[in-house]
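As structure tokens, one chain now follows by itself in the form predicted on its own.
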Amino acid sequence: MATDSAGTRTEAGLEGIRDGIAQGRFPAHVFNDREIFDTEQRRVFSKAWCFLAHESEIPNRGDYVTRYIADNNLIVARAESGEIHASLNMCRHRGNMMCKSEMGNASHFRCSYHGWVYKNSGELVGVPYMKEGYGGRIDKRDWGLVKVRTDTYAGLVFGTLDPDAPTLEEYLGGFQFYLDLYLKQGSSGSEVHGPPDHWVTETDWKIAAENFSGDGYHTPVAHQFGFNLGYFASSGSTHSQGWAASIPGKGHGIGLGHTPGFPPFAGFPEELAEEMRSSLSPEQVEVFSQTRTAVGTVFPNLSFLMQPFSIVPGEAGVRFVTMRLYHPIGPGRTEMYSWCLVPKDASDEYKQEAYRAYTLAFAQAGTFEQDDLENWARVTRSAGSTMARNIEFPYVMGMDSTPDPDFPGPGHVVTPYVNDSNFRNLWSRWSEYMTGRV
């Protein structure tokens, strides 16, 4: 589709989907559909705040990574001033890709076609044959790389293609309360531990985003061996306990699993737990100290998981955090990025143990990651079948739940942790974008 006007059938279908979500119904075909994918590119990913990088990936002047928003490849670079800039990775002369590497360090980028040169902040500074060829008709100030609006929260760098989008603070809408568990591990915060795992999977991005917005329902089945062998600090009988928290109207959601008798901040080194008690708000300490598992999604496609994991079954676990980005590259196809986040202040020994737990569990070849990817690929394949065009899925779990009046955190918070309320909020927000209401 060349314009922002989707076909009549699609427009009517999207309105029907929006109505169905309120009734706890969501169609199967949206998880593998060319028209849905094309519309998402224009109406969701071209308007939302999308995650680009963690600041610790580019700590030094000149450091850069390349990332995507929709189908636009961007250079995210720390300039010589120390500021972070995001620019379209496309020469303004004839459109060649400026930077071919996914990460590196460079003060300037030179086009390999005709040789135009840009600072890493995007300004055009060099044009071959400027005097002989252009005779003064090119003002370099007019031909810099195309800038993308950026903002940050606690080390996360986001970008949006929509100049009229709300501020990032407004967009997150209070979800920062929960993000702090992942991003403020200790008084100095969190950092990435090495480059991301990066691969392509035959999975629709929405399946992964939904799963990480709090799908505790699948864990005792898809990852049953984790309970049986003692990798988890919970059991199948208690795994559903905890809270499902979402920010109404924003799409963000998190599942907070709780195990009775679970020691406060278990899995963190004691000195790190003490730092968190002093640096987080009293309300955050009350929630996070009793949280076993925290699995959440920032709308549309950035997710986190924190989990204590016993590398030796039956022994005390170590906390690891995976941060992951689901970049859609086609209907039913996703480019996955997965990082391990560790506390900056932790010892090297703890960071290595946390990274080891992450690698064994949820890195690209992690055992639990494979459990999920096998299921997600099959869901995607089924959703693309002809009969799936007329099939809906039930999202009615917890339809009658009432908010927990004693929970100290923001948003719509219900019990138990196993609940569809976060998914209804996620798809409601998605439908607002897809129908052009945002």
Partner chain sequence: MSEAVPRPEAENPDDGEVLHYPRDGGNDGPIVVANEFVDVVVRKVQTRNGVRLEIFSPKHNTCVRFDAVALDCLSYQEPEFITSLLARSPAP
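Numbering follows the first chain given and starts at 1. Only a predicted model underlies this, so the values are computations on that prediction, with no experimental measurement involved.
Absent from the display: the form predicted together with the partner chain. The rest refers to it.
- Proximity of Met98 to the partner chain in the predicted complex falls within the 4.5 Å heavy atom cutoff.
- The closest heavy atom approach of Trp199 to the partner chain in the predicted complex falls outside 4.5 Å.
- Residue contact check for Trp49: none of its heavy atoms lie within 4.5 Å of the partner chain in the predicted complex.
- Proximity of Glu80 to the partner chain in the predicted complex: non-hydrogen atoms within 4.5 Å are present.
- Put simply, of Gly115, Pro263, Gly133, Pro282 only one has a heavy atom within 4.5 Å of the partner chain in the predicted complex, and it is Gly115.
- Residue Phe109 is the only one of Tyr231, Tyr171, Phe109, Phe362 with a heavy atom lying within 4.5 Å of the partner chain in the predicted complex.
- Shown here without its partner, the chain carries Tyr64, Lys119 and Val125, all of which come within 4.5 Å of the partner chain in the predicted complex through at least one heavy atom.
- Listed stretches are 299-307, 98-106, 363-371, 218-226; the contact stretch with the partner chain in the predicted complex is 98-106, by a heavy atom cutoff of 4.5 Å.
- Interface residues of 133-157, taken as those with a heavy atom within 4.5 Å of the partner chain in the predicted complex (partner not displayed), are limited to Lys140.
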